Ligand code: ATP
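For reference, the chain that follows is the form predicted alone, supplied as structure tokens.
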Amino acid sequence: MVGALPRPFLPLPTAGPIAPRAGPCNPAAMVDYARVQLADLPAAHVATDVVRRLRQAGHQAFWVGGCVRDLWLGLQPKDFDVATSARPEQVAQIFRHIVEVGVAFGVVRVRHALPQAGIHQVEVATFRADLGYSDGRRPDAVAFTDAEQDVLRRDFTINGLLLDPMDLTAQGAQVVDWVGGLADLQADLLRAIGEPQQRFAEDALRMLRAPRFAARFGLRVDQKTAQAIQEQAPQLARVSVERISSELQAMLTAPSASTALRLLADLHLDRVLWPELCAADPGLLRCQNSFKALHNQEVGAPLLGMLAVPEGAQWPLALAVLHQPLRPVRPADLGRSLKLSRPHTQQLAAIWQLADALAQPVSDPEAIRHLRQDWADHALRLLLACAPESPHASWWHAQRQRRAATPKAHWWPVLAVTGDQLLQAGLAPGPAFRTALAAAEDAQLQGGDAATALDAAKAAYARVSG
């Protein structure tokens, strides 16, 4: 009932886990209850305290969405969101430290510091119903309402669950389900809440979230939901590149990326996202195999110092694997089309450059020069994922193992020959100096002593300058 005052707090019975419900969900007709064990995490304690304080102020409040789903599945939630009958200004009166992230839509973040656990943020959203989506992304207006109507506006039943952390027994905390999400989780089913056509017309990005959720949790997509996505797939083009890239990053850096790509093709979303890639790789079959191989690879042991791989490096690697069938596409062009950050574009370029350099076995000094670069392991993983049957695959694998096992000092030895020593040896400064120094280092990398390195430098200098 849009616009109505929140209903009185609904008393929650203590029923045990439910059995799967047969037939389509009719959330207005019934509500399911179950219990689930809470996670002993600092963020969970903060979210519980947020609910407690909202309740003490006379408001309804629940955990909502993905955190409830993950707890039911036995997974560790990344964050905990709270839905409440309190308006944003009322939340601000209860909590001292808040961040206004979407007050017009009833959303704020509560910042809470825990001793020895740092600062945690909990997103707190007022129960609402959305009124129209003329831009296919944001509601034109919202009406603050009750918990049930708030759930009914969400995307998929598995994300429409509420949890009362204050109603806690030995069997766990109470889960409230108006949309059949628990039954769908038990049936391994991904289903849109209400009418799928309406859900996807409200926000077309939801169509892209469907294969990500289905792949991540091993669900099959409900037939009616899948049909609506197939019919409305062209509307995905209305979504901003930034939002699509963010969703794809979460999808393609997960171990389930290969399955997600198959679902993208089955749901006809691939041809909207990547028409050129689909022409080069119909059905994304090659990409699916590459991502399956990528995530089956054994990641090398952590490396030290300058050989360590920067955090967050999986996204550039995923982009390289995905677009390998389109090579020689330029990283700069791809970065512009996907609106990648400059670091991600540079990382993608480095991976492809090193992959080209290591595509065939090279001399040991040359291999060392490539292998000591930050992105060398990613380049080798790219080669092994996209060309696992190559005659060079065993060499690539050996170089990964070598890179992981070799001490840093071997990759960056103290140079036995310097520019000053070349000057003392009678060599004149000039462009040939760089070649001479590289030859000296090559000799050293092959086990040569200082004298051998100096002789190699003189020989290289003579070839270039003579």
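Keep in mind that what you see is a predicted model, and the values were worked out from it rather than measured. Numbering starts at 1 and follows the sequence shown.
Below: the form predicted in complex with the ligand, not depicted.
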| query | finding |
| --- | --- |
| Single option in Asp184, Asp177, Asp155, Asp270 placed near the ligand in the predicted complex, where near means a heavy atom within 4.5 Å | Asp155 |
| Residue among Trp352, Trp375, Trp396, Phe213 with a heavy atom within 4.5 Å of the ligand in the predicted complex | Phe213 |
| In the predicted complex, segment of 166 to 174, 388 to 396, 73 to 81, 335 to 343 with a heavy atom within 4.5 Å of the ligand | 73 to 81 |
| Lys224, heavy atom within 4.5 angstroms of the ligand in the predicted complex | no |
| Non-hydrogen atom contact Glu148 with the ligand in the predicted complex at 4.5 angstroms | no |
| Exercise: Arg209 in contact with the ligand in the predicted complex, heavy atom 4.5 Å | yes |
| In the predicted complex, Arg69 touching the ligand (heavy atom, 4.5 Å) | yes |
